[in-house]
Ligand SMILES: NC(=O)c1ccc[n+]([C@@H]2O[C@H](COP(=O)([O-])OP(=O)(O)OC[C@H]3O[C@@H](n4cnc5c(N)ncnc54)[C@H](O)[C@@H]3O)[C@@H](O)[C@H]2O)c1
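In the block that follows, a single chain appears as C-alpha cells, in the form predicted alone.
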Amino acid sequence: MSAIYPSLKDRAVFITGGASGIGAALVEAFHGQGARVGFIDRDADAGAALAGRLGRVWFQPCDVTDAGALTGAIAAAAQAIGPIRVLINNVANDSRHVAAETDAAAWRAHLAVNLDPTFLASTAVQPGMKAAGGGVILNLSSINALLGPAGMPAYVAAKGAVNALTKGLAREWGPDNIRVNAISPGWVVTERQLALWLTPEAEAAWMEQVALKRRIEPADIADLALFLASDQARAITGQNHVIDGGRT
C-alpha cells in the first residue's frame, strides 16, 4: 500500500501514456490519493477500460506525436478536472533499432514520441501552474540514458535530452514555484517487456547486475512519483531520481 499524501487530494494530475504499464500504475496511484486524474493514450480501448474500472478519472484517446492533439487534450483535461498542478510525462516507445538502419524519418519518429511530448506538454501546463502559485512536472527518463546500450540510439538520445531538459526547465521555472524532476527506472516488469524482451534468460542476467534481487514493478515507480509530486518533496527540483535496484 502506498503512503498517503494529503497534499495530493483533489489536485489535478495529468498523465501521458496512462493506459498500461507504468502509466496505468501512475493513474491508479494518484487516483488512490484522491487526486483529480486525467490521462491520455493512443490505445482507446485500454484507456477506456482503465477509466471505467476506476471511475472518477478523465480519459481521452490521443496520439502524442500530433502536437495539436496533445495540447488540445491538456486544455480539455484542464476544463474537466481543473488547472493541471501535476504533469507526468510518461509516454514513450522503447522499440529496438540499430543506428545503421535508422534513417532520418525513423530518427524523427522516435524523437516525436520519446522527447517532443515532454517539452510540448510541459510548456502547455506552465502558464496554469504559474497562475496557481506552482506545480510539479515529472519526466520519465531511463537508466539507458546513463548506460548507453546498443540497439536503441534514438531512445537513448531522447532520454538523455529529457534529463537535460529537466535541469533547464527546473532552473527556468523555479521562480514560479514549479518543480521539475526526472525519474529513471531500470528494467520494469510490464506486460510489454514480458511480451517482447524480458525472457527468463534476460531476467537472470539482469539479476546478476543489480544489488536488490527483486523485480522492479510499475507500482515502485508510482510510489516514487507520489512522493515527488507531493508537498513533502517541496525542496526537490532539477534532479534525476534513479530507481533500478542498484544497477547503475
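Numbers for residues come from their place in the sequence shown, where the first is 1. What you are looking at is a predicted structure, and each value in this text was computed from that prediction instead of being measured.
Same protein, other form: the form predicted together with the named molecule, not shown, and the subject of what follows.
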Open item on the list: Quick check on this chain: which one of L138, A158, V91, I74 has a heavy atom within 4.5 Å of the named molecule in the model of the complex?
Closed with: V91
- [ ] State the residue from L50, A182, C62, A35 whose non-hydrogen atoms include one within 4.5 Å of the named molecule in the model of the complex.
- [x] C62
Open item on the list: Is N240 part of the interface with the named molecule in the model of the complex - any heavy atom within 4.5 Å?
Closed with: no
Open item on the list: Although the partner isn't part of this model, could you tell me whether R42 comes within 4.5 Å of the named molecule in the model of the complex, counting any heavy atom of the residue?
Closed with: yes
Open item on the list: So, V188 and the named molecule: in the model of the complex, are they within 4.5 Å at any heavy atom pair?
Closed with: yes
Open item on the list: I'd like to check something about S20: if you look in the model of the complex, is any of its heavy atoms closer than or equal to 4.5 Å to a heavy atom of the named molecule?
Closed with: yes
Task: Partner-facing stretch of 27-35, 207-215, 190-198, 50-58, counted where any non-hydrogen atom is within 4.5 angstroms of the named molecule in the model of the complex - done: 190-198
